[in-house]
Structures are given as structure tokens and as C-alpha cells.
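Single chain ahead, by itself, as C-alpha cells, in the form predicted alone.
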């Protein structure tokens, strides 16, 4: 889409959501269906009649079936196989994902991936320019689309653009290893509201801006909002699912057996090996009895064509098998129950209600919504949470047992503490966590972000030294 598009400035309640994926799934026979849960559920309280959602279908090429439209108009950004390889599998998930999670895997810095990432971001921005009503609010989501705010603002000055990062933002020294650090920061900083999960992420972004872009010179009519907007879950939904699941939850494991639970995507950022190692050592040391304890780990494979994820899968499955071989008891396959298939809401809620403790040992995590789902489902005020200090949720859940996931001994102490915890202490801790999560559920999160975006002045948020006209970086 060449040229410069200008539409008149005017107030509008229209919301344009821009995310890597549309809120749909494409079935094996090519039919298009709405996806339950996820970001679509989180945004349900702010999506109104006349709203738009721009994203990719997850399939190469344009969709062959009409996209659903029930008040939320969906716009598919078609991607070729080469674009998926360079933009999604390449730059987004093999460069930005490990870098933003403290480089738990060494990223490849392929220049061809960067060029494709920039090209696809322009595709998304072009779609926004084309479909956004005058004066609309544009809400861009996550690390896949960091260049979109500046690309949109260069051509549609009537729009208020917000950007929310669902994953951590790294410290400036680590972020500074990116050859394209300045262009990424400038792409983000043209948003009127820039949201992160935690204050640490806010400070890291601001430090990176100061170091690699220079002091920000405020425009005459206001400045960008850079703030923490910790995301949450639909508390009422998970409370209802927990109540419905409570009667049958005891059937998931033997009565009297303490159940530790892990629910994750199979990702090297989640610290699954660390928690299983801690559990295995407790069994080896005799501090936990394999006849009286189970560790149920749900780990759904993802990005199976990426070597780092294949290695993680082999490590997790191999460790679970070794623990079971050493500690199997008569009539039981072993103390680790490993599940690698997705569970729906009612199935997850049943495990949430059966578990004595949720164990979250993420090595780096933007938020970790599983911890908040677990607490929301526990209307019985029972159960405990062992939670990594490097998960954003650690800032929002007083009452959790906070651990350093790199410290196996700390995880072991926390798991033993759960085993010995009195019913009164579990009740008090869970009550505190539930109060905190209920006070800031996902609908509060979405409304707060949109309200801040609607209140922002529509003029350019900042002027930057070295910025050429049209939103480009001067050479």
C-alpha cells in the first residue's frame, strides 16, 4: 500500500486489535471457527460493536472460508511460507523470544530474518491504515509486532496507538546486543501508551531508550504513557469451573496422596526440568514418600520443529522416566504422571481442584496466568502455590511461596513446606492470593489499558533526535 493516507481526526469508540493471531482456528477440513479463551476472552469486556481484529490465521496463504463476523470484524493478514519462516519462526521466536527471556537459548541474528520481520510488520500496519475508522483506538499486542506503532503513526495521525508486551523486556545490556535495537525501540516508542507486565520491564525499557535512542524530548501536548499493566484472568469463569469440577476432582489421584501440579507449554523458559529434579531428589533423600506423593506435569509440546524445543522435550521426558523407574511402587507406574496433550477448561479446573500445590518454576516469564487460574479455581480456599520470583505473577500474589528457580535446594524446601503446611496456613495464604487476583482481574486490566489509551493526546507522543520525517530513522 504505497503513499500516505490521512483521515480526519475525530473521537471514536472503535477499537482495532492487532495481534499475531486472529481469535480463530482452522479445522482439518478448512472450516474457520472461533477460538475459546486466550486473548479474545481477555478483551471481551472492551470489544464493542464495530471493533476490528487484525491478525494471521496460522495457515500459509489467505483463508479459504469466510471469517466469522458477529460484531467483531476479522481481517486476515496473509503470510507466505517464506514470511512465516523469517518473521514468525525466525526473528520473533528464534531471536526476540530467547533474548527477551534473558537468552536462555543463544539466538541466531540472521539479517534475512530481520528484513522479513520488518516487511511483515509493514503488512500489519498497512491493514490498520486501511481499516481503522477515523479516531479509532489501535491496540497492538506483543513482540511479533514491535515496529507497527511507528509504521501506523507515520500515516494515520488521527489514531491513538497502544502497545502491550506480554513477555518480559530484557535489561539494556542484553537488549543492546541486537543490531536492530534502535529501530525496534523507535517502532515501540511511537505508541501513545506502552504497557508491560511489571515495573522491572518498564525500567528496562526506559533504560534502553535512554541508552540507545537518547533523551526523550517531549512534544508540546503530552508524552507517551509507559507503565505496568499486569495482566490477569477471568476470575469468575475459573471460580465457576472450579466449583463444577470439585466433585470429580478426587478421582484424578488416590485419596490421601499429596499432588504437586505443573501446567505449562513445553518451553525451555518454564523450568520444568528444575522442578522435576527437585522432586526426584526429595524422593531420593527420603524427604518425600513415593507412595504418598505424585507430581503431575502437563507439558504440551510447541514449536516442535525448533531444535531447542526438541531438546527440552527429551530432557523433561527422560527425567520423568528415570524418576519413575527408580521410585515405582507396586500397582503404580511411578510418582511422576506426565501428560503431553492439551486440556480444556473443565479438565484443567479438575486438576486445579485436585492438586495440593501448583509448582511454577519459570526461569523467565512475563506473567504466568496458570498461577492466577489455579487461585481463581480454588473457591475452597485450599491449596498452595510455589512460584518463581522471575514470573510476573510473583508481584501480584502475596501468599505464594516465592523461590529462585535456579536454586534446586530452594525448590525442595518449598515443596517440603507444602507437604507440612497446616490447613489453617493454606487457607490464609489462599485467601490472600484470591483477594489480590479478584481485585485486578482480566477485565479490569483491559479496561484500564483502554481508558489510558483513550485519554492520551492524539499528537505524536515524543520527538526523537535523529528521526527523519515519516517515522523513519535518519541514517
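Residue numbers count along the first chain shown, from 1. The structure presented is a predicted model; accordingly, all values stated were derived computationally and were not measured.
If you look for the form predicted in complex with 6-O-phosphono-beta-D-fructofuranose, you will not find it shown, but the lines that follow are about it.
**Q** Quick one: 119, 151 and 182 and 6-O-phosphono-beta-D-fructofuranose in the predicted bound form, is every residue within 4.5 Å by at least one heavy atom?
**A** Per the other structure, none of 119, 151 and 182 touch 6-O-phosphono-beta-D-fructofuranose.
**Q** Counting only non-hydrogen atoms, which stretch in 67-75, 374-382, 277-285, 89-97 is within 4.5 Å of 6-O-phosphono-beta-D-fructofuranose in the predicted bound form?
**A** Looking at the other structure, the answer is 89-97.
**Q** Considering non-hydrogen atoms and a 4.5 Å limit, does 6-O-phosphono-beta-D-fructofuranose approach residue 394 in the predicted bound form?
**A** Result no; residue 394 lies far from 6-O-phosphono-beta-D-fructofuranose in the predicted bound form.
**Q** Does residue 404 make contact with 6-O-phosphono-beta-D-fructofuranose in the predicted bound form, using a 4.5 Å heavy atom cut-off?
**A** Judged by the heavy-atom cut-off of 4.5 Å, residue 404 is well away from 6-O-phosphono-beta-D-fructofuranose in the predicted bound form.
**Q** Find out whether any non-hydrogen atom of residue 353 is located within 4.5 angstroms of 6-O-phosphono-beta-D-fructofuranose in the predicted bound form, and reply yes or no.
**A** Residue 353 lies outside the contact set for 6-O-phosphono-beta-D-fructofuranose.
**Q** Could you confirm whether residue 155 comes within 4.5 Å of 6-O-phosphono-beta-D-fructofuranose in the predicted bound form, counting heavy atoms only?
**A** Contact with 6-O-phosphono-beta-D-fructofuranose, no.
**Q** Can you pick out, from 143, 205, 338, 114, the residue that has a heavy atom within 4.5 Å of 6-O-phosphono-beta-D-fructofuranose in the predicted bound form?
**A** Of the candidates 143, 205, 338, 114, 143 is the one lying within 4.5 Å of 6-O-phosphono-beta-D-fructofuranose in the predicted bound form.
**Q** Only one of 210, 292, 103, 265 has a non-hydrogen atom within 4.5 angstroms of 6-O-phosphono-beta-D-fructofuranose in the predicted bound form; which is it?
**A** Contact residue from the list: 265.
**Q** At 4.5 Å, heavy atom to heavy atom, what parts of 302-316 sit next to 6-O-phosphono-beta-D-fructofuranose in the predicted bound form? List them in sequence order, or say none.
**A** Residues within 4.5 Å: 302, 303.
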